[in-house]
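The chain that follows stands alone, in the form predicted alone, written as structure tokens.
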């Protein structure tokens, strides 16, 4: 046995790792950030490989069945445009007629049909010429002097290496930066993190019957939940349910918290999966017995994993702060904008939620420097693990923002390769911004007007 407090270890024999592929841009992770990055890089002429640990793309929208996209607008205009808006509109266009009519003019809180989204994203990758490798995850990184030489991947084939000029970490947990030894932050001052949620889908509902009683229950079930909690019938902390109706018989639910989950640890994801399914069973049983229109609810799907809101954040060249958020600050190197509110869920059953909203029509910039991990020369990070303080991560982490950050990262990667540059800090920011605006991105009035 090992020394007390230390784990026993084994030594692997030295071996040669075969190179699976060498590309201009390697994108690690197939959530919204990775999708935006891969499409943008390929559309700008780079050879691109995207690796994803599941058998499909979409991240939390498809893996965890998060039931709706967070807002794309600042309540006045769309802030998330470009690839992210393209995907939203294309998904809506593939939905059934009733859904299209209900949501045709809406860009905020649009329900997600995971199967439609999976197929749509496969097709977009094929059209753009992105190479895909599913059922594959990062096991290690080969690096020296702040330069990543290769990512070591594991899958059913075995252990292989992928070499690239530019690497994009869209893993949402900063896995690539972690393996490369980059500095990281995580959680609050005491390591506390937001809880996870096991989202789920119910069929065989009667939406019209539910709406006839909505004043009694609350549109988000708030009245019914608080009553049930006070009577000891419902064991949840959150006092409202996110319900996203796909049609009059089917709805997705973001309801309930699983505390103490670190999404960067396999043992915690295991606990979250088991506890999450048990909680969904409890909630569904309560819904059937107490909510009009849910009497015959059929549980058809729970997330493949518990939904994760927060894990690692990189320490980047610039740390985006809550002061930047509340001041609606813009930066000379802005590559995206955020209007979503600071949305920090309670870290435990006794704490509260923190929500800070910006005024309608306002947003803040996300600088390119916040995508660059300190000490690493050829990696760009996109998604919820960019360089922010904890409060601001509660705003920038959502899926529409991830599309936008990913598009910026992929575009930067392609431009660097085109210009023969292999250091991310060598980018011509004006050229990057000009190309993003050309692709339809919104970087604020000043930058968009100048292009």
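Residue numbers count along the first chain shown, from 1. These numbers were taken from a predicted model, which means no experiment stands behind them.
One more form of this protein should be noted, the form predicted in complex with a small molecule, which is absent from this view; the next part is about it.
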- Query: Of these, 378, 136, 330, 302, which has a heavy atom no more than 4.5 Å from the small molecule in the model of the complex?
  - Reply: 136
- Query: Based on heavy atom distances of at most 4.5 Å to the small molecule in the model of the complex, which listed stretch, 390-398, 41-49, 409-417, 422-430, is the contact stretch?
  - Reply: 390-398
- Does the 4.5 Å heavy atom contact test between residue 80 and the small molecule in the model of the complex come out positive? no
- Message: residue 26 versus the small molecule, in the model of the complex: is there a non-hydrogen atom within 4.5 Å?
- Response: no
- Task: Give a yes/no on whether residue 402 approaches the small molecule to within 4.5 Å in the model of the complex, heavy atoms considered.
- Result: yes
- Touches the small molecule in the model of the complex: residue 109 (any heavy atom, 4.5 Å): yes
- All of 32, 53 and 70 with a heavy atom within 4.5 Å of the small molecule in the model of the complex: yes
